[in-house]
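Here's a solo chain for you in structure tokens, the form predicted alone.
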Amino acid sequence: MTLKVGIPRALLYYYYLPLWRTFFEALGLEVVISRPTTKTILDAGLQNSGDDVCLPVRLAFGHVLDLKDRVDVLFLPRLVSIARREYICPKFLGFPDMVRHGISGLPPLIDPNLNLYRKDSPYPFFVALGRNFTSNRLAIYLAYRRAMHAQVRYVQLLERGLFPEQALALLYQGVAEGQESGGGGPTVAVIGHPYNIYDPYISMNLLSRLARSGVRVCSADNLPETLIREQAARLPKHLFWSLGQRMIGAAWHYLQSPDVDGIIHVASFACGPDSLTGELISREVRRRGKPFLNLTLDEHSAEAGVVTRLEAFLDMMERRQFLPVRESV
């Protein structure tokens, strides 16, 4: 009987699913991903997590509960650092412990440390991960190589302009899903963490709404990592949060791009790093004068409020395109 490994559709799922999934499948395991976010999943996460954690972590609790009775083991990596001299949010680091002490009746948790703060290669992490399932070091090495190849292919698809679900469909089903496109309409850069902007329930279908309004959407994930880091390096001090650095670097690039007509920044309620990076982005946008919308998502976000603000933002963009620029007074 094939062992089933559960992966929550939350947190860094949109960054690393090909890496995790290919590694497990190469070792002969069956990967089970939690179902897309619904009100039931969100409510379950809210009821089983603390009030002092951010919305993405609370939602991740709901996805763990969705997998709880459907898998043999749960994969919840302890993410400390994914790049040299940088860290991931401490709530991500403590997520396996929060789950272990917050939810009873769980299957065994597999939570190896991923810490690249002083390392360049994630291979030791995969060796530790693979040893949970096999003692064959060659099999672990070959699975690692296949996983890295899949991840590189995934990133290439994102940089070609696909969004994660489209790239995943192409990787695993060989199907190029029709990309919702704004045709000849304006281009808007949506700056936000993948677990916010690509989750249709949490973002209240933000990307689809923009596409239906004739807007072409781009995001940080469509940019090469080297370009993002070059832009983020313009800050007077190195930002040691990897995910915040991605937001800053992408925003800086799109603000300078003449092909991008407006910026939407999406943040999570109770996210400390988002409150800092959002303010930095907001100040730079005001200095450059591009249309800007700052959306903060929480579990109480009302769809009508988001739609109203989005319509106002698009109206503003339309006026900027067709009305002469006013002289400052």
Partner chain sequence: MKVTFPHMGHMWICLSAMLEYLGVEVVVPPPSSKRTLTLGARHAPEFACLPLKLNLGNFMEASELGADTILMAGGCGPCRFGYYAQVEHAILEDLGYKYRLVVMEPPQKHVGELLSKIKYITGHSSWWEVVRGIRFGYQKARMVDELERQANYLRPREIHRGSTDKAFKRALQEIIAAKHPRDLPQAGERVRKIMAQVVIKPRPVLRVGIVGEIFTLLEPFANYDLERRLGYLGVETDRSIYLSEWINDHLFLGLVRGLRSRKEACQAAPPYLNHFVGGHGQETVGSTVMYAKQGYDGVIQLLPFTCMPEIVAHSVLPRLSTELGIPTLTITVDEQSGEAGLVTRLEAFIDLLARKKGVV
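All figures in this text were calculated on a predicted structure; none of them were measured in a lab. Numbering follows the first chain given and starts at 1.
In what follows, reference is made to the form predicted in complex with its partner chain, a form of this protein that is not presented.
K.L.:
Indicate whether its partner chain has at least one heavy atom within 4.5 Å of a heavy atom of Leu276 in the predicted bound form.
P.N.:
Contact with its partner chain, yes.
K.L.:
Should Val80 be classed as touching its partner chain in the predicted bound form when contacts are defined as heavy atoms within 4.5 Å?
P.N.:
Residue-level check for Val80: yes, a contact with its partner chain.
K.L.:
Is there a heavy atom of Leu46 no more than 4.5 Å from a heavy atom of its partner chain in the predicted bound form?
P.N.:
Leu46 lies outside the contact set for its partner chain.
K.L.:
Consider Asp52 of the chain shown here, and say whether it contacts its partner chain in the predicted bound form, taking contact as heavy atoms within 4.5 Å.
P.N.:
Because a heavy atom of Asp52 falls inside 4.5 Å of its partner chain in the predicted bound form, the answer is yes.
K.L.:
Just to confirm, with a 4.5 Å cut-off on non-hydrogen atoms, which of Ala169, Leu235, Val152, Ala128 contacts its partner chain in the predicted bound form?
P.N.:
Spelling it out, the residue with a heavy atom inside the cut-off is Leu235.
K.L.:
Pick from Arg216, Arg209, Lys91, His253: which has a non-hydrogen atom within 4.5 Å of its partner chain in the predicted bound form?
P.N.:
Checked against the cut-off, the match is Lys91.
K.L.:
Hey, of 22 to 30, 36 to 44, 262 to 270, 63 to 71, which bit sits against its partner chain in the predicted bound form at 4.5 Å between non-hydrogen atoms?
P.N.:
In the other structure, the partner sits against 262 to 270.
K.L.:
Looking in the predicted bound form, is its partner chain within 4.5 angstroms of a heavy atom from every one of Leu3, Ile110 and Arg160?
P.N.:
No residue of the spot touches its partner chain in the predicted bound form.
K.L.:
Using a 4.5 Å cut-off on any heavy atom, which residues of 83 to 113 would contact its partner chain in the predicted bound form?
P.N.:
Sequence-ordered list: Arg85, Tyr87, Cys89, Pro90, Lys91, Leu93, Gly94, Asp97, Met98, Arg100, His101, Ile103, Ser104, Asn113.
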